[in-house]
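Coming up is one lone chain in structure tokens, specifically the form predicted alone.
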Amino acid sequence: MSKKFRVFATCDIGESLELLRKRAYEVEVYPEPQAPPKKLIIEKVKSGIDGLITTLRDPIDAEIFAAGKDTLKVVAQMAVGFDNINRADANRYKLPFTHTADVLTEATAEFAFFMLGALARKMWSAEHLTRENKWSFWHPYLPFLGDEVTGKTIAIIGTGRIGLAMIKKCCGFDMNILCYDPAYQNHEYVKAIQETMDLRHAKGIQKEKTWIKYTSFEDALKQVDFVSVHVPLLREGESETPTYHLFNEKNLKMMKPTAFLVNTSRGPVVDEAALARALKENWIAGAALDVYEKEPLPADSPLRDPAIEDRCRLYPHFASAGKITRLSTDPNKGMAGRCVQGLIDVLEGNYGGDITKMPYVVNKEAFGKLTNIAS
């Protein structure tokens, strides 16, 4: 390196920041657990920082990019999603931004499956029964029964990285799997899963034969016991197959009254008012959410209605919150490590300074072959 880089992080991302300091970076970290005010981010950018480390909580748009004109060189996001970053604005200001895809794939799919199990087996209700000292007898079906997961049918809506990881976990629970993805169908992966299912049955590992196949969105919703959502957020005009409010009143009513919905994708994919009504009026049996239309979940959200709390599990955008997944300094294992590596790639001109070749840069379309930024 021929210069000392200045970086501002909107939150503490752990030991990975020490890796930057060891490379002689000057690193400043916002010390509070809450997100910093946008005006503070603008002040830091105006002060001439080279790199900005962000999370989904931070609105990053033309106002930020304009404040860093000629000085800010990269925004490194510690998340796979980047709904908070205005891509068009970033491209207009020729500002690359990075994200941390892949490393949270297994953790997110794992948590989605745990949500599904906790919801179906009524673990929240069961624990409250015990803690509130209302468990006074044992009975085969009173006061309530949960639903088994093993052997049931699930719809995987979106077969990107996390959707495929979820399929793998469902296979281990002898589930039948219907897949839907409007953009890309991974038939090779589905074929491999079917072969695995057939082998497990042939070897006596599972008693019943199971299957997996792609189908239409409508057919998936109508047939399954569980729906797990793994699509990106795409609004009208951004795609021929938008996902904003994909789960609305019409589509929720397609599901069986015994079916459960799990969402770990993006909050606005689900119309929360419609979902609350679906639960209250028993269109579906239950839902578990880790993402919301507005985060944190507002105090007056209809999802907080006590009338549905026994069948509506609410989590705090927590799916990737495993120690290794969140904080490992290894960019192949941790979001923090990959976030820092993405920042280093841009600032130090790795890959010959060609941003289009940098693996963690999202908006490659805005760049051609660039000279080394560090020079």
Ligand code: NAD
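Numbering starts at 1 and follows the sequence shown. Since this is a predicted model, take the numbers as computed values, not measurements.
What comes next is about the form predicted together with ligand NAD, which does not appear here.
Note on the interface: of 187-195, 90-98, 272-280, 157-165, the segment with non-hydrogen atoms within 4.5 angstroms of ligand NAD in the predicted bound form is 157-165.
Between ligand NAD and the residues M78, L104, M175, L261, the one pair within 4.5 Å by heavy atoms in the predicted bound form involves L104. This chain lacks the partner; the member of V231, I85, I212, M255 within 4.5 angstroms of ligand NAD in the predicted bound form by a non-hydrogen atom is V231. Contact with ligand NAD in the predicted bound form, defined as a heavy atom within 4.5 Å, is made by none of F114, G151 and Q223. When ligand NAD is considered in the predicted bound form, Y180 lines it closely, a heavy atom lying within 4.5 Å.
Among residues of the shown chain, L347 is not one whose heavy atoms approach ligand NAD to within 4.5 Å in the predicted bound form. Not displayed here, ligand NAD is approached by A319 to within 4.5 Å at the level of heavy atoms in the predicted bound form. Ligand NAD in the predicted bound form is not approached by P302, whose heavy atoms all lie more than 4.5 angstroms from it.
In the predicted bound form, the residues of 265-281 lying within 4.5 Å of ligand NAD by at least one heavy atom are, in order, S265, R266.
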